[in-house]
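Coming up is one lone chain in structure tokens, specifically the form predicted alone.
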């Protein structure tokens, strides 16, 4: 059995500008956030003895007079318009149950999806009988949150052709709080792969298709063999995302691309070594700060 032994390496000093930028007001359960009674109580807080106290661990966020604490590790709380990646867990009457990393299984109704070929008509009994032909247990899908019920369950839809069944690729699960909210969560990266950054913490990495399947209605998965070069790019991206998550950095297209470029001098398997991970994430942070400043 192969063994690898590494000696301790000195830590690189963090620049002063980097230290200033990353300072946040972090709290743990029971910490007093403020004694000012003029603030409103938000998620992750409660009022006790005329003080606003944190009920979860994470950074304090303030919007005008509203104070909330964003939990660092939590289940996904759905919001209308979110892009999610999920796995079909059960086929029921006129609906599918979908695992989306939330407290309850999400629901995809038969009426909330495009029929194969993009056909627009009422769903019939034949469509209901053919549901398992559209999506079956274990299939991965991309979808958008249509509604959130009072118990926290999420209703999904795949009415746009950019949503639907996912083909070949790699799924990475990360804390939902590390996925940055953006206008678009579908990114074609210049390195030859594409990513879907689900707001629920499920990230799908797949080879960029040469031509889009516009007339398939999102149900025909491309099962052709993936070339070695594409598999290497996907593996490198996956390890880069794991590195960013380990160092608690926000995930979005620019941070992932910068981390990918910083990892190019290293072999794919070496990216997950602690010292290499710290080096490439530090370089990514510096580039992001230079871009902002």
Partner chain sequence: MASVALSEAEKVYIVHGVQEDLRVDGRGCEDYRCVEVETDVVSNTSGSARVKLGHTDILVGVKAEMGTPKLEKPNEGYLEFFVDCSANATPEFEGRGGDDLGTEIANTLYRIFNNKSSVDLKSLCISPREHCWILYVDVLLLECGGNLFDAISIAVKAALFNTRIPKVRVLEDEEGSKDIELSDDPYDCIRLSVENVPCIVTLCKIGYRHVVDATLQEEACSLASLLVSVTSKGVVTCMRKVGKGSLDPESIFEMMEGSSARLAAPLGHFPAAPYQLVTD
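Residue numbers count along the first chain shown, from 1. Predicted model, so just to flag it, every value in this text is computed and none were measured.
One more form of this protein, predicted in complex with the partner chain, exists but is not displayed; see below.
* Residue contact check: residue 264 to the partner chain in the predicted complex, 4.5 Å heavy atom -> No.
* To do: Spell out, yes or no, whether the shortest heavy atom distance between residue 175 and the partner chain in the predicted complex is within 4.5 Å.
  => Contact check for residue 175: no, nothing within 4.5 Å of the partner chain in the predicted complex.
* Touches the partner chain in the predicted complex: residue 256 (any heavy atom, 4.5 Å) -> No - in the predicted complex, heavy atoms of residue 256 and the partner chain never come within 4.5 Å of each other.
* **is_contact(residue 225, the partner chain) in the predicted complex, heavy atom dist at most 4.5 Å** => Contact check for residue 225: yes, within 4.5 Å of the partner chain in the predicted complex.
* Given that the partner chain is left out here, which of 32, 55, 235, 246 has a heavy atom within 4.5 Å of it in the predicted complex? -> Selected option: 235.
* The single option of 160, 111, 168, 208 touching the partner chain in the predicted complex, heavy atom within 4.5 Å -> Filtering the options by heavy-atom distance leaves 168.
* To do: Please name which of the stretches 101-109, 135-143, 151-159, 183-191 has residues with heavy atoms lying within 4.5 Å of the partner chain in the predicted complex.
  => Residues of 135-143 come within 4.5 Å of the partner.
* Are there residues in 237-274 with a heavy atom within 4.5 Å of the partner chain in the predicted complex, and which are they, in order? -> Counting only heavy atoms within 4.5 Å of the partner chain in the predicted complex, the contacting residues of 237-274 are 238, 239, 268, 269, 272.
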